[in-house]
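First, one chain by itself: the form predicted alone, in structure tokens.
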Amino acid sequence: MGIIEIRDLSLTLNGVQILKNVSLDIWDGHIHALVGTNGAGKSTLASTIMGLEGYREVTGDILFRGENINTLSIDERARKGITFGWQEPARFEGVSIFDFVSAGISSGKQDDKETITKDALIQLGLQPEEYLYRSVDQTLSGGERKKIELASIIAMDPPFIMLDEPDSGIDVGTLEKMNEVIKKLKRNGTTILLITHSLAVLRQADHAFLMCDGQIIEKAAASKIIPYFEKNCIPCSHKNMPNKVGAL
């Protein structure tokens, strides 16, 4: 059963149709990847699933565990367990890493809040004694903020996570840590959608959706989508088609 089901979803922004009758199922407990060229509509689709401001005037249906969520706000969707990890994580002046990471821990786990927060940081190679009471601000590198955002998602333990360009701005060692965490989340029953144009990230997925010009043009096991990276996409005259091997 699909934890997320998209049916004939279309979205127009500033007079331009960005999503064009998109339909797909995101299966519960699997790692999926959404791949395509820059401008294909990947982040727009994720923003629409999350219900961000400006992305809710859609036609078609978004179902979460069988319930239509088209009219729900971002907060209402988050409370149901839909989570979005941004390509460029936000900074929060004056907010400690401890408060940020622990904010989404459920009320039933508040007694273990400190332990859960520390464990989430450790999983990503961040020593709690060095990070817990620093602020989520400009003193953190982009890679550190990326890890801290993922730590907050681990602590939250949501059923469905979307990660937009999870390898953006991080080094190889951090990517390996992140891949370990993604696999652990899957083992614990979390469903994950990776929005990416990276072959290394795509290899972590079980299934993949190939997107071009606002449409899903292929759905298959990730192993069958990978040649897209290696052979300059499927035969296509669209302007978004990569012009070099490995590009998206």
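Note that residue numbering begins at 1 and tracks the sequence as displayed. Predicted model, so just to flag it, every value in this text is computed and none were measured.
FYI, the form predicted in complex with a small molecule isn't displayed, but the following is about it.
Every residue in the set I18, T37 and A40 has a non-hydrogen atom no more than 4.5 Å from the small molecule in the predicted complex. Residue contact check for S198: none of its heavy atoms lie within 4.5 Å of the small molecule in the predicted complex.
Within 4.5 Å of some heavy atom of the small molecule in the predicted complex lies at least one heavy atom of T44. Contact annotation for Y55: at least one heavy atom lies within 4.5 Å of the small molecule in the predicted complex.
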